[in-house]
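Coming up is one lone chain in structure tokens, specifically the form predicted on its own.
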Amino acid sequence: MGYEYIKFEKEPTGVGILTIHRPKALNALNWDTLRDLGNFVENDLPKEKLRALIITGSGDKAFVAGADIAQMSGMSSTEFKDYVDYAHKVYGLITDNPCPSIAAINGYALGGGCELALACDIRIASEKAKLGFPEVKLGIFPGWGGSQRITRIMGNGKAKELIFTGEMVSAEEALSHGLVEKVVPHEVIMKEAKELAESIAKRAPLAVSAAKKAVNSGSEMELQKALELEKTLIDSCFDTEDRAEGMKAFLEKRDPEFKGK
């Protein structure tokens, strides 16, 4: 695919693994890395027709250590605004993509790295992972979606504590506050992420995508409108070949063969 700072591989199960690959800089997202990620998510990811996507970081120390502070310090106000706007676009594409995404947090997930994890649907953390928003130590605050996504997960009080102090939390602390869904031994982080992704990949992909939309969009709506959305989406699932296959397989006591149709 010709990318310098990301790697991608697709497994026969329909699971894709996207690795941020800038290990010497702890996978920090400078402009070039962010553009590689954005170009892949916007142009290549839809073509892969994945059943699930894992996002992780290269090396053994970091998921993504954040934005590139050295580069950011030299930006003009206009350049910084473009940087923020583009990051919002890229993370929004991950959140809104029909394919379910899993962040395999294999080390530091700070600032923009924590925000990237939050843009994913599910987060699994190594026991060695550290998460946080150190931006206030630099005179800014989490502005790649973090101040909004984290509040919806942790609630206002804990989100403010994390953001206002700029301190890191351990994987176990992150788990206790709902910032990650699971903590596993460091050496099995990818094994656990793949097992979860493969479990999702076995399910009816149109139903999984519809469920993702129902949860993501419905959580931003007034309840009655969210319930109407749910009805619309489940009705669309009923009129699929996968629904017929799933119910037939259940009655015949066999595993279904879903085709995404």
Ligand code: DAK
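For clarity, every value in this text was computed on a predicted model and none was experimentally measured. In this text, residue numbers run from 1 along the sequence as written.
This protein has a second form, the form predicted together with this ligand, left out of what is shown; the following refers to that one.
Though this ligand is absent from this view, in the model of the complex it lies within 4.5 Å of a heavy atom of just one residue from 150, 189, 119, 110, which is 110.
Think of it this way: in the model of the complex, this ligand has a heavy atom of just one of 50, 54, 67, 37 within 4.5 Å, and the residue is 67. In summary, the region of this chain contacting this ligand in the model of the complex, judged by heavy atoms within 4.5 Å and restricted to 95-103, 175-183, 130-138, 152-160, corresponds to 130-138.
Taking non-hydrogen atoms only, residue 26 approaches this ligand to within 4.5 angstroms in the model of the complex. This ligand in the model of the complex is approached by residue 72, whose closest heavy atom lies within 4.5 angstroms of it. Residue 169 falls outside the set of residues with a heavy atom inside 4.5 Å of this ligand in the model of the complex.
Proximity of residue 86 to this ligand in the model of the complex: non-hydrogen atoms within 4.5 Å are absent; the residue sits far from the partner. In the model of the complex, 142, 143, 144, 168 are the residues of 142-178 with at least one heavy atom within 4.5 Å of this ligand, listed from first to last.
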